[in-house]
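Form predicted alone, single chain, as structure tokens, below.
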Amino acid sequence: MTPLARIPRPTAMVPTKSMRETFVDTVAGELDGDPRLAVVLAEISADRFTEVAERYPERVINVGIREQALIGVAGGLSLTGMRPVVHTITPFLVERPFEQIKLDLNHQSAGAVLVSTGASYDYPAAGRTHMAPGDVALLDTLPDWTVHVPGHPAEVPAMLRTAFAADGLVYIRLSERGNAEALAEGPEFRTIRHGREGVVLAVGPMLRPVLAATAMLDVTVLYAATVRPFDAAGLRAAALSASPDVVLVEPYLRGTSSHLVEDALSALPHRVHALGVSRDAELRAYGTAEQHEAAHGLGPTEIAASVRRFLGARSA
């Protein structure tokens, strides 16, 4: 058995562009070719759209620090046949205007593409106001949402273009954290590593610490960059070829997708262990994103220890 010494953290990703920068560049390019597209902002990232706003002042709209209006304007644009792309930091996009998401988008059957930045704790120096680990769980209370959680900037353009070409409700959760390479190939889960003693499902940027944590474990590692709809068939196939003991590692509130794992494996005797941002207590420290990751048990060492305990330390 590999001793539970502290596992070195994976080398930090140094991409050419961040997910947020990739998002801005992709949208700016698509505005040229798609007259349906309109960008709706609430000050955040407005400075990054200055040039394109000069070209398309009627389709790059900054409503100011009024997040409820941000969603309401998007709903109105959608009802006129436009495809609104709505962007700000996670808590200001999902939590603050949630009533408008429920009524002005879902209830009106008005489609939109919501693109957040900041994930659960990417900007800890700004405090709790800039943290939103409950965003996906909150959207789960509404029907019809497609949810993407990219793990690398190069995965973002395809998700955006697919969303722009459709008419429904799409949420894309960008992060400053990410994996070493782009691995998403579509909405299905992708098998990264085969093993026999269990399945570890890593969502978005969680693949990086999961791969380090499971390097010496005999487990299958699945990667999910699209979580709604949930690839139940892919998870079921992995569990049948390994063992129906599943560890779910999500970059947001712990257990957000546990019910979907349970549904996918309902015909099999199985166990599920969920890792994610803690539900038990609010972490009020500022610190760094790495410190938040460790505090929530989402660093490589913490994930390795948790997976070993769950699997009964059978892996060597």
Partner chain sequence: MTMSTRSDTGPGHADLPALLNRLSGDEKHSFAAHSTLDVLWVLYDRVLSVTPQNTGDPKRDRFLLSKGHGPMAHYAVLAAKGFFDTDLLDGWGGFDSPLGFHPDRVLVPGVEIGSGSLGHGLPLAVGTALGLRAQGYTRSRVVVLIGDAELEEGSNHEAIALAGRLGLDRLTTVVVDNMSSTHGWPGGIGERFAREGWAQHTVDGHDHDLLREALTDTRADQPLAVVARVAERGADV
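Since the model is a prediction, treat every value here as computed from it, not as a measurement. Positions refer to the first chain, counted from 1.
From this point on, the text means the form predicted together with its partner chain, which you will not see here.
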item	value
Exercise: residue 76 in contact with its partner chain in the predicted bound form, heavy atom 4.5 Å	yes
Residue contact check: residue 243 to its partner chain in the predicted bound form, 4.5 Å heavy atom	no
Proximity of residue 107 to its partner chain in the predicted bound form, heavy atoms at 4.5 Å	yes
Residue 264: touches its partner chain in the predicted bound form, heavy atom cutoff 4.5 angstroms	no
Options 244-252, 47-55, 278-286, 61-69; stretch whose heavy atom lies within 4.5 Å of its partner chain in the predicted bound form	61-69
All of 144, 158 and 162 within 4.5 Å of its partner chain in the predicted bound form, heavy atom check	no
The single option of 239, 82, 217, 137 touching its partner chain in the predicted bound form, heavy atom within 4.5 Å	82
Of 126, 103, 192, 166, the one that lies within 4.5 Å of its partner chain in the predicted bound form (heavy atoms)	103
Those residues of 197-221 which, in the predicted bound form, come within 4.5 Å of its partner chain by heavy atom	none
